[in-house]
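Here we start with a single chain on its own, the form predicted alone, put down as structure tokens.
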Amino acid sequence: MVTVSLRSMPRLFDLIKIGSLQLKNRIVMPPMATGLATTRGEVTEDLIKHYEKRARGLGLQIVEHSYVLKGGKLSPHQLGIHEDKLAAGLAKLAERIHSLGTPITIQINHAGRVTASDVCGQQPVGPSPIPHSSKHEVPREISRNEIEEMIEAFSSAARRAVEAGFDAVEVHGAHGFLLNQFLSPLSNKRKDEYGGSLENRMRFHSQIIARIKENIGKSFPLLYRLGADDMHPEGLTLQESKVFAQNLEKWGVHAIDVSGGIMGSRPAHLTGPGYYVPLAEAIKSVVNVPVIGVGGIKTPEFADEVIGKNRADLVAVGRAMLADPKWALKAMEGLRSSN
């Protein structure tokens, strides 16, 4: 009989790499909207302080979703990355977090059909003219020319992130936002090469990732937040997401951050610690790049268990870190003392 030492298993405080980016541990602060930017999307001192308070002890900090076009803005005080004049504020944020010894990533996003005209200044757009719910406006179907503009917008946003000094970029493809909308058969009823089969529904994403990598280089760390299951009988399935994840790896994505789809980041019917970890575990089984697990993770012990059982390579701790900015520091201290 072969005996395996418990310490031979990965731990929360172990080193890990995302592409060329070395992380000192496997704790991730996930992107969570703060509403602390100006109405023009600019970084504020309050926003910087929010991230500074929570940066110490982290393996990686991911800054909240930032809109790549004005038409993709979700909320009045959302952070922006849609124009070059925002770069100075973003650079100040990155520099302040780096001074604490923590790598920092920024998530880039377009809200698509879930925004409102009084926020983004125009009729919301989507892959098809299907509203997100009865409370949302009917979106205008994105034209072929606009698809090209959006591909370029994501690429330009990634360039701004690199120029501002961020260590990595995360593309948001979850929680019912635009890229999730293109991948999901619930929201994508297009009859052209961007709709129908899974291959077609993945086309927009492959073009965005290819353009980003052309713009910032193939080796710059690139993450993708995957809404792995729409949790709807006619929506995106986990099996489809496994295929998509394998393609993400083939296209050069360095890590996959697994969350929910059309149902959003916190579906009411999912409870308990690690409610999206089973999705991460399923995606991890078919790819070789690191996978981030998330969803109601509150205790260091549970986070360490997720890593130790190889259910995910990193864990994202959201609400618990909002409640206790020193969560990561306390977790490292507690786990090491009990080791």
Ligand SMILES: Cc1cc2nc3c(=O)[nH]c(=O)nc-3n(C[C@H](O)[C@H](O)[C@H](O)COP(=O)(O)O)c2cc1C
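Each residue number is its position in the shown sequence, starting from 1. A quick note: this is a predicted structure, and the numbers were derived from the prediction, not measured.
The same protein also exists as the form predicted in complex with the ligand; that form is not shown, yet it is the one meant from here on.
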query	finding
Partner contact for V286 in the model of the complex: the ligand, 4.5 angstroms, heavy atom	no
Exercise: V294 in contact with the ligand in the model of the complex, heavy atom 4.5 Å	yes
In the model of the complex, H172 touching the ligand (heavy atom, 4.5 Å)	yes
4.5 angstroms heavy atom contact with the ligand in the model of the complex for G59	no
Partner-contacting position among S241, T115, N180, Q107 - heavy atom within 4.5 Å of the ligand in the model of the complex	Q107
Residue stretch of 64 to 72, 300 to 308, 277 to 285, 36 to 44 approaching the ligand in the model of the complex, non-hydrogen atom distance within 4.5 Å	64 to 72
Residues from 28 to 56 in contact with the ligand (non-hydrogen atom within 4.5 Å) in the model of the complex	P30, P31, M32, A33
